[in-house]
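Listed next as structure tokens is one chain, alone, in the form predicted alone.
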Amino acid sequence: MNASISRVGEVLRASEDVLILTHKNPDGDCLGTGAALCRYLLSLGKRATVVNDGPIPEKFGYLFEGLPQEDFEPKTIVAVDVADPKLLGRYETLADRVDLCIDHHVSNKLYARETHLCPDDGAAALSLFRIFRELGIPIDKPMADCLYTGLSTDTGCFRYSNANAEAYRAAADLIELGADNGPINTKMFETKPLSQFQVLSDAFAGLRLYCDGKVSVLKISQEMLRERGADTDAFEFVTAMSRQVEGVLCGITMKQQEDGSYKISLRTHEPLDASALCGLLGGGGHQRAAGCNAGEDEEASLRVLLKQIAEELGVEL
């Protein structure tokens, strides 16, 4: 069921003991949106907490300052920025109990009882900001920091095509409400550990180009990550760089998981649709950024993507 903003307000006001779910391999959008929602619910005197399948990267610690990390049996479950129950990790068992999902992925599986879906939004944080504004909910500085983080990170610091005019206006409003845009942007985009650059160097050393140089493929192994002492952020860093090679319309990054399988992330320019391409392998996301899991033979999965890309571009592999 598609939930209007007024309906979202009704659900949140009636909620009790709220568990807020975010997707595994968390980013600034799911964490910022989840933390902002948690702060609102706490302001209503409700019990609420944000959970994730894995550890939250240290750089996002400021989003959760002052928030309780409680363990309780939830009466209401809300998922934010989670398009598919499979992205919940160990919390996937709660998927059929999700009361409300707030999301911006066109590939959302509509698994929640009610879903507020805004596929034109560059971030779930923008969707939640609009909800707060239209419901007349006050946004304090910590909430503004959370929402700005989500909006900034999912739009690549407003460099991506999903940063529309409303996203810029929302950012300006959040800055006026106290969001520390400068320090947040520095932390998110201008500060990287040495290990990330080392993994980037390792990955680009094995760069492969296909489709007349229009597709780049980078591969990150567990061995690379171990040798460099890098964490999951290194993968996101490399993925963001994959389509920046001149002439490349699709950057494909393949990361080996601890169990030996591979996760595939796509970053595209027009006319390629990353979500549609990842859909070939059971994944999804956005037009310009999407992901999927490779099959047992990751190179065979890669060939499925490359074949489709070649057909769409009218070029030879």
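In case it trips you up, residue 1 is the first one in the sequence shown, and so on. Values in this document were obtained by computation on a predicted structure and should not be read as measured data.
There is also a form predicted in complex with a further copy of the same chain; it is not shown, and the following applies to it.
Work out which of the listed stretches, 179-187, 136-144, 87-95, 116-124, brings a heavy atom within 4.5 angstroms of a further copy of the same chain in the predicted complex. Answer to the contact question: 179-187.
Considering only heavy atoms, tell me if residue 132 and a further copy of the same chain come within 4.5 Å of each other in the predicted complex. Contact with a further copy of the same chain, no.
Interface membership of residue 75, a further copy of the same chain in the predicted complex, 4.5 Å heavy atom rule: Contact check for residue 75: no, nothing within 4.5 Å of a further copy of the same chain in the predicted complex.
Contact flag, residue 231 vs a further copy of the same chain in the predicted complex, heavy atom cut 4.5 Å: Flag for residue 231 set to no.
Given that a further copy of the same chain is not shown alongside this chain, does residue 237 nevertheless sit within 4.5 Å of it in the predicted complex, heavy atom to heavy atom? The answer is yes: residue 237 has a heavy atom within 4.5 Å of a further copy of the same chain.
Could you spot which one of 163, 211, 225, 217 gets a heavy atom to within 4.5 Å of a further copy of the same chain in the predicted complex? Here the answer is residue option 163.
Report yes if all three of 207, 241 and 269 come within 4.5 Å of a further copy of the same chain in the predicted complex by some heavy atom, otherwise no. Judged in the predicted complex, 207, 241 and 269 all sit within 4.5 Å of a further copy of the same chain.
For the stretch 46-72, I need every residue with any heavy atom inside 4.5 Å of a further copy of the same chain in the predicted complex, listed N to C. Result: empty, none.
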